[in-house]
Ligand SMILES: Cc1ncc(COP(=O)(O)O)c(C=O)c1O
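Consider the single chain below, provided in C-alpha cells and representing the form predicted alone.
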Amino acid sequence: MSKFAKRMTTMEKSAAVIRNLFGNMNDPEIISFGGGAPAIEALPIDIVREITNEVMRIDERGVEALQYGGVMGLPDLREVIINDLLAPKGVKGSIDNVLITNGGLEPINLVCQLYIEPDDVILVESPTFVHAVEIFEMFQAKCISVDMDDNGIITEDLEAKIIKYKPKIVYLVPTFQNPTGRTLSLDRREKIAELGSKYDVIILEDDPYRDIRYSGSDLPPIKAFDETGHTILANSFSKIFSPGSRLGYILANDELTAKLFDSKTATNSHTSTLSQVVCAEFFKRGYYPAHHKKICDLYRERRDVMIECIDKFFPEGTKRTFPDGGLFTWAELPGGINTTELLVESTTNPEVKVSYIAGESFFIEGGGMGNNCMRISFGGVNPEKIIIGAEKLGNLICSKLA
C-alpha cells in the first residue's frame, strides 16, 4: 500500500483522543461526562419539522434549499449573524465579511489553509481544545502553550512567547473555555486584540459557547476591540441550534474574507443550503429568544447539580471551576491520582461505567502535565444521571485515596 502522508503521523496522538471521545459518547451503558454534545432537550425538533414542512415547497424555499448555493452562504442567515448574534455583543460588521461554514471546525481549517506551512508556530492555551490541535497537527504546525489562570490566558506570557516564537496564529477559546470552562477577563480581551495588531499576528477567536451564558456578566468578544483586522472570529450554531445542521461562521476583514472565499471554494464549494434555510427561518420567525432562554435554564440547572455533586462526592482537596456558561467544568484531583489510568477502570468497571476526558489530553506539553485533571461535561446528561454518575465516579476516586 502507498505510504501515508507525514501529517497522518504528526496527528496520531490527538486523533486517538478524539476517536476515544466519540466512542464513549455512543456507548448506551456508560454515563458519559466526556462528550460536549448539547442536551437532547435542547434540540428544537418540533420547530424544525414545522419550518421544514412549510419551506420545502416549490413556491416557498424548496428549490433554494435543495439547489447549489453561494460560497459565502445565504444572505438572510448572514444578516441574522450580524444583527442578532454579533451586534448585541458589540461586534460591528457587514454580511459581506461573514462566511457560513460546515460547523465550527471548518473555520479553523480554513484559517490554517491561509497561513500555515510545516513547522510554523501556533500559540495555544494550556490546556487547549484538543480537536483544534488535531487540525493544527494535520497542517504540521508546531503548537506552543501559553499559561492560563482563572481569568484565562495570561497576557504577559502570551506577549513574551509572541516575541520569542513569532507565531502565525494565536488560538484561544475565550468564553467558557473548552476544556476548563474559564472565561477570559475583559482587560485581557482588549490586550490580546492589541497584541495581534502590535506584532502582526492573527488572533483566532473560537467562541462557540459564548451564547449559552446563564450567570455572570456578559463580555464583548476580542473581535469587538480589534482595530486592524488581525482578529478572526469563529463561531458555531451547534450549541444554540443544532450540531447536526453542521453550521458555523467566520467573520474577518475584507482581505481575509477574499482569501477565505477561495479556500472555501476549493474545499467544498459551499455549506448545505438546506441547513442554512431552516436555520435562517428559525431566527427570522422569532423562535430563538424563547429557545435561548430554555437552553440556558436547562444548562444552569445541570451545572448546579454537577457542581453540588462534585463538592459532595469527590474527595476533599478537589479543585474545580464554576463556569458561568457552556457545557464543562474542570476538576483537579488530590493525592496524585492519574486520571488517564482511572478512566480505564471507570469505564470498564460494571459498578461504575462513567466516562470523562482525562486532563492530560488537553495539554500539548506532555510530560504528565494535567494527569490529575479531568474535563467533566454536564450539558448532555440529565440531573438524575448526573447525581448517579458523579456519586459512582466520586466513590471510585475516594477509594484510591483510602
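This structure is a prediction, so every number in the text was calculated from the model and none was measured. The first residue of the sequence shown is number 1, and the count goes up from there.
The same protein also exists as the form predicted together with this ligand; that form is not shown, yet it is the one meant from here on.
For the options 183, 178, 231, 276, the one in contact with this ligand in the model of the complex, meaning a heavy atom within 4.5 Å, is 178. Note on contacts: among 241, 171, 136, 299, the single residue with a heavy atom within 4.5 Å of this ligand in the model of the complex is 171.
Only one of 82-90, 138-146, 233-241, 264-272 places residue heavy atoms within 4.5 angstroms of this ligand in the model of the complex, namely 233-241. Mapping the unseen interface onto this chain, residue 246 counts among the residues with a heavy atom inside 4.5 Å of this ligand in the model of the complex.
Although the partner is absent here, residue 288 is not a contact residue: none of its heavy atoms lies within 4.5 angstroms of this ligand in the model of the complex.
Contact between residue 129 and this ligand in the model of the complex is found at the 4.5 Å heavy atom cutoff. Among residues of the shown chain, residue 105 is one whose heavy atoms approach this ligand to within 4.5 Å in the model of the complex.
Scanning 186-209 for heavy atoms within 4.5 Å of this ligand in the model of the complex gives 206, 208, 209 in sequence order.
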